[in-house]
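The chain below stands alone and is given as structure tokens, in the form predicted alone.
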């Protein structure tokens, strides 16, 4: 899970948190020793005396004394003297190396941005994350990334079980309507939420309002039988709004909640979108949930925009456990301020995980 985005994030963190390679340090030492030998040799040829210093003296002291000595000698008319001075200057000012890399360069950020886009993060979000790292100290990069990801993913807590219980207490029933495009895992998500609510002792009624797709009614009926949940269904080709209406009456009789399925529409299908508006207008659901397939990639943002016409209240992302890219989740939160309630994980009814920003960021970075 989150393989691509984890690789992108951990790659840039490793680059700036990784200590300098010991081999590079040893190479620098060898270069300094070699340069010292050249200076000693030139000093011998110009003065006729060996270059001797106390072993207790550090390299910097040696080089300073050598430089001072040469500067007191005759004018640098000979090429050897000039070369010696140049070589000494190079040694006096050795290449600086820190234990950690520091400022994050533009080149690093451009590469990082590209890696995020490859992980299904939208370009705008990738740019936003990269801009927050600009001119920052690379030694703090993990903390900076953690804060930025949390800022993107954090949301107000919404407890759907409490919401449903309050609605039932207030009006005798509650209705939750689900919609999304074909193949998003909508029907399975309804079954999983039904399982969760039943565990909370809340009476549940399924509404098989997808009268368009072949086998849709049978699929939801199979879940209802497995979970021992009531289901209201009509014939294929029937009016979906009427199915939801009848389910709502049944839920009121048992003091429960309706979980209503709808046709697995594409957001580009005008007729199906009009049907959805009719269901909303007639039944006035208490909560509308857009179900999105996390594997969809960049198209997920277009779906959010199109379904925004029906004013959904919350989202559920499915197939997150097999999502190797993972970046779409960041894009979703940047596109809409509506809460993500759950993440679809695994194959069992219980595999509906509550959205937790802290937990997700930890999985991405650690």
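Numbering follows the first chain given and starts at 1. Since this is a predicted model, take the numbers as computed values, not measurements.
In what follows, reference is made to the form predicted in complex with a small molecule, a form of this protein that is not presented.
- A single residue from the set 173, 120, 283, 187 has any heavy atom within 4.5 angstroms of the small molecule in the predicted bound form; that residue is 187.
- Judged against the small molecule in the predicted bound form with a 4.5 angstroms heavy atom cut-off, the residues 225, 246 and 349 are out of contact without exception.
- In summary, the region of this chain contacting the small molecule in the predicted bound form, judged by heavy atoms within 4.5 Å and restricted to 270 to 278, 124 to 132, 187 to 195, 228 to 236, corresponds to 187 to 195.
- The small molecule in the predicted bound form comes within 4.5 Å of no heavy atom belonging to residue 206.
- When contacts are judged by a 4.5 Å heavy atom cut-off, residue 213 counts as touching the small molecule in the predicted bound form.
- Among heavy atoms of residue 112, none comes within 4.5 Å of the small molecule in the predicted bound form.
- Contact between residue 318 and the small molecule in the predicted bound form is found at the 4.5 Å heavy atom cutoff.
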